[in-house]
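One chain comes next, on its own, written out as structure tokens in the form predicted on its own.
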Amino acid sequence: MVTLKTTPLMAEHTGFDARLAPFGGWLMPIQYDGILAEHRWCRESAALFDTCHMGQFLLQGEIAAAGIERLFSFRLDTIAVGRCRYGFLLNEQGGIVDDLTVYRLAADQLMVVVNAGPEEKDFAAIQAGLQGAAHGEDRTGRSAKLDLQGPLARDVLVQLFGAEIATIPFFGFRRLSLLGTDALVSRTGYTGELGFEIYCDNGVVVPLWRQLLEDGRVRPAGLGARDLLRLEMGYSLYGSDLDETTTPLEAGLERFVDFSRDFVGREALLRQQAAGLQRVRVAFRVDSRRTPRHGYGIFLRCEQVGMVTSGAFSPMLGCGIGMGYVTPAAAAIGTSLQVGQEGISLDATVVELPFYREGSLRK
């Protein structure tokens, strides 16, 4: 029997009567008041998420000489201190081992934030790539993380912790003192709204959680709302839309790959690029309020051309939305598709991302 890990906030979640479920090896809150209510609160005010389950690695030493630049799909040397960058760890076949964010803490120090499920294999891959000039430390479970997301998130944090919060640029961060201890606050997130991710010691995460929730503009939100929010933005979910058999080219995420340098998987991606893609990720809207479920087939003129990887009812659009992989012939914007399985057929249309375009992300 697998023992699920828990975050330092578990007692807080049970105190709110949160519905809990396994996620990436952790027991996590899926919802409190309800997914739709929490989704709406994030779009209109400020929602607080427990994200302590995400993997955190600290890399220190002579980064440039450590040999790990080759492990990432993007350049590390051009990340300025105080900034962060999104990209991938790839395998030799160009498949996505994980998607992640790298923070430049100092000239000789990086923080890598990864998904919970593949965290152990990610760290093993990075450790294997490190040479003597640097070393890595897996701080997963020993360093806490909260996400405050929503159009009022900045106002809440400035009122609590000072005006410096307002100076943080998009995909930038500051190292601040919160509740008497060092913390890192970055302007990043996974919802499409103005938001901040707060990294702090486990010992202060409970009082910080409680202090944030004392503000009437803030309410807790679970992973159910988070999943719906990210899908409305067309953000991929590792394990559903991305995995080791999927390349960034197929996922339409080649902008996060720097081909001007050598990296693991580069030659495979160049071969795939030259040969042409056999499948591509598409986004589609359903012509009703019904939800296109993960695993549903995608059909073009009664022939199956792909499969749904993410789907939900979008409260902001008032219809079902989804993403999946199809043959290139079925991927053009405006293409009419059918989505479903035996006994279920939903009419859908291929659309551009993001689905929802009114968020406060860059406010």
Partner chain sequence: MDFYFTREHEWIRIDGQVGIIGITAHAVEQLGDITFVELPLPGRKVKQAEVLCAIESVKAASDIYAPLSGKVIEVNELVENKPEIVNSSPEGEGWLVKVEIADPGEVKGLMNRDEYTLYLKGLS
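Here the structure is a predicted model, which is why all the values come from computation and not from measurement. Positions refer to the first chain, counted from 1.
Keep in mind that the form predicted together with the partner chain is not shown, yet the notes after this line are about it.
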Answer range among 60-68, 329-337, 297-305, 29-37 for contact with the partner chain, defined in the predicted complex as heavy atoms within 4.5 Å: 29-37
Proximity of residue 85 to the partner chain in the predicted complex, heavy atoms at 4.5 Å: no
Distance check, residue 217 to the partner chain in the predicted complex, heavy atom within 4.5 Å: no
Any non-hydrogen atom of residue 143 within 4.5 angstroms of the partner chain in the predicted complex: no
Exercise: residue 289 in contact with the partner chain in the predicted complex, heavy atom 4.5 Å: yes
One residue of 293, 279, 104, 230 in contact with the partner chain, assessed in the predicted complex (non-hydrogen atom, 4.5 angstroms): 293
Contacts with the partner chain in the predicted complex - residues in 4-19 whose heavy atoms fall within 4.5 Å: 19
